[in-house]
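Shown below, as structure tokens, is a lone chain in the form predicted on its own; questions about how it binds or moves come after it.
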Amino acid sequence: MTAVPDAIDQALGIAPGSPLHALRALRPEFVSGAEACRAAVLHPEETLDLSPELRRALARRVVAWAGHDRLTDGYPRPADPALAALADGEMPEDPALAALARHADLIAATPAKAGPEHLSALQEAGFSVPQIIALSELLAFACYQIRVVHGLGLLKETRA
């Protein structure tokens, strides 16, 4: 595994050579896979008119639900005021961003309640099916990252 900390190592403060770093090194494909997925959802080759700033803002909004400051800090707050509102958990004034915020909050807080009607609301707000798929991938990755950081954090606590 590379000596350069990935986003999960950074979120947890896992130092190279530490026991938890060595544990993660046992499955390097998971480490590299998570980083590749992060890059793919934040900076895809085909943006589908979903800017990297929008993607980071949405990821920041979702990971903030976990209450893990270092994980949230891994997604810088956008300079654009509308995207900053989205990232900060506020309800944006823009109707399309507000629909996206409501959907992201649903997925972050109560994903089992999500249904086809929620995807239809995104379409009604102007998002295309390919954009909704890309946004769903982003939301899924952010939720995955929360769970990995939480689980590894528990391991880190038990080893301390």
Partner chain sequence: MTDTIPQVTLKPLTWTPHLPPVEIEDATPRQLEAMKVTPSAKKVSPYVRTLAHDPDSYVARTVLFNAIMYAEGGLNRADRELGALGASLINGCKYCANVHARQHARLTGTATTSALFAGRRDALNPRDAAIMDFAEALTATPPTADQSHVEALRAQGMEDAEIQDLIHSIAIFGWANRLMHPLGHSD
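In this text the structure is predicted, and so the values were computed from the model without any measurement. Positions refer to the first chain, counted from 1.
Form predicted in complex with its partner chain: not shown, discussed below.
Asker: Looking at Met91, Ala121, Ala40, Ala96 here, can you tell me which has any non-hydrogen atom within 4.5 angstroms of its partner chain in the model of the complex?
Answerer: Only one listed residue qualifies here, and that residue is Ala40.
Asker: So its partner chain isn't shown here. In the model of the complex, which residue out of Ala101, Ala134, Leu54, Ala125 has a non-hydrogen atom within 4.5 Å of it?
Answerer: Exactly one listed residue reaches within 4.5 Å, namely Ala134.
Asker: Could you tell me if Arg70 has a non-hydrogen atom within 4.5 Å of its partner chain in the model of the complex?
Answerer: No - in the model of the complex, heavy atoms of Arg70 and its partner chain never come within 4.5 Å of each other.
Asker: Residue-level contact is defined here as any heavy atom of the residue lying within 4.5 Å of its partner chain in the model of the complex; does Gly151 satisfy this criterion?
Answerer: Yes, contact at 4.5 Å.
Asker: With the partner left out of view, is Leu23 within 4.5 angstroms of its partner chain in the model of the complex by any non-hydrogen atom?
Answerer: Yes.
Asker: Any of the heavy atoms of Ala140 lying within 4.5 Å of its partner chain in the model of the complex?
Answerer: Looking in the model of the complex, residue contacts with its partner chain include Ala140, since a heavy atom lies within 4.5 Å.
Asker: Can you tell me which bits of 26-49 touch its partner chain in the model of the complex, meaning any heavy atom within 4.5 Å?
Answerer: Going through 26-49 in order - heavy atoms within 4.5 Å of its partner chain in the model of the complex - the hits are Leu26, Arg27, Glu29, Phe30, Gly33, Ala34, Ala36, Cys37, Ala40, Val41, Pro44, Glu45, Glu46, Leu48.
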